[in-house]
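Just one chain is shown here, as structure tokens, and it is the form predicted on its own.
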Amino acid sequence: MSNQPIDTSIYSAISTAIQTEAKRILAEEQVSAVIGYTTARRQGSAQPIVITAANDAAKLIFSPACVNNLAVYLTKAKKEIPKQGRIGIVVKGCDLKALVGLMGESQLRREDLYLIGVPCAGVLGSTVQPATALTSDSIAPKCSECDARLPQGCDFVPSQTPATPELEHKYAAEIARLEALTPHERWAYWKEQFSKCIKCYACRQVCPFCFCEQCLCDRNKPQMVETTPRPAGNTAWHIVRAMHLAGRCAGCAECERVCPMDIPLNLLNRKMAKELKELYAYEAGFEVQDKGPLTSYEEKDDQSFIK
């Protein structure tokens, strides 16, 4: 059955619960600010907001249009966040995985955060109009394979429980299709995708894990990756980035959402995640882990691949 409706009636109650909790923790000075979502100018749309006063808690919402991964505000946009006091942040399950990963990399400390988890039935896809009803056709592809609809380990989670029908796993199906191709055919597919890249770096800017003050790929003495949008530089950029995120990516798909050229970046990231799970039984989750398999080394590691 196509275009099945997805029940988002709980989102109104979730919004109210978020507002109540945010007002309380701000009034009691448990936090100095809360990062969340609010309504935007376009009908049905939402945008990030940082509030510092209890009276502004009424501005907070949660809806199918709340697509942003707010974890990026704790890495990229640090200057917009008050430097003193604990920070409250509204997180979907995939966003929470990003925060947990950042804690494991010593970029954030759990005690500095007040986590407001969101029971999430899904959000809208990047090509869908904001006011569109959430259905099996309009839902973001990442949500069809989500295993984190109820965030774990948060300081507060509204009591509502999301219900989502069984949906087609679009990423899994596409990965299986590509794996069935010959290496030459797969290379032709990705070569075509990477050729569309204009090197705008929107994928990097929106990713919580790209937190370096100077990216290695921006250096020109020596130049590691060609910065102009040409085939060799494009391929190097996307392969380097995929390997850099392997075992770290939370699957929030923000990179794919903001890409102006519609390159299936999350497909590549999910393929890498699949490899890490199969080879090392490792995947991003709700437990803080010190190091991933590609960022650690032990003498007993298998070295048979070295020839």
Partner chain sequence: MQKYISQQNLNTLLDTLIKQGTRVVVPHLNAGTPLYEPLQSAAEMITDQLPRRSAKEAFFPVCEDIMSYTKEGQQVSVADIDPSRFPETVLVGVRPCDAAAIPVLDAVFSWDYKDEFFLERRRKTTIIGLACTQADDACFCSAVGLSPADTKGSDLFLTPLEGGGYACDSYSEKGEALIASHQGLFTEPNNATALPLARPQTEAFDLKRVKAWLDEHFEDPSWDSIATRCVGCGACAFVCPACHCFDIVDEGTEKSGKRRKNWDACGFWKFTHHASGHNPRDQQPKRYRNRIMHKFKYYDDKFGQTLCSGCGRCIRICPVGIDIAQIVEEISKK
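Positions refer to the first chain, counted from 1. This one's a predicted model, so the numbers in the text were calculated from it and none came from an experiment.
One more form of this protein, predicted in complex with its partner chain, exists but is not displayed; see below.
Trainee: Could you tell me which one of 72, 102, 124, 115 places a heavy atom within 4.5 Å of its partner chain in the model of the complex?
Mentor: Looking at 72, 102, 124, 115 one by one, just 72 meets the 4.5 Å heavy-atom criterion.
Trainee: Taking the partner as it appears in the model of the complex, which of 90-98, 157-165, 105-113, 194-202 has residues with heavy atoms within 4.5 Å of its partner chain?
Mentor: Looking at the partner contacts, the answer comes out as 194-202.
Trainee: Within 4.5 Å, heavy atoms only: does residue 248 come near its partner chain in the model of the complex?
Mentor: No, residue 248 sits far enough from its partner chain in the model of the complex that none of its heavy atoms falls within 4.5 Å.
Trainee: Is there a heavy atom of residue 229 no more than 4.5 Å from a heavy atom of its partner chain in the model of the complex?
Mentor: Residue 229 belongs to the contact set for its partner chain.
Trainee: Contact between residue 261 and its partner chain in the model of the complex at 4.5 Å, heavy atoms?
Mentor: Taking the distances in the model of the complex, the answer for residue 261 is yes, it comes within 4.5 Å of its partner chain.
Trainee: Would residue 32 count as a contact of its partner chain in the model of the complex, using a 4.5 angstroms cut-off between non-hydrogen atoms?
Mentor: Outside the cut-off, so no.
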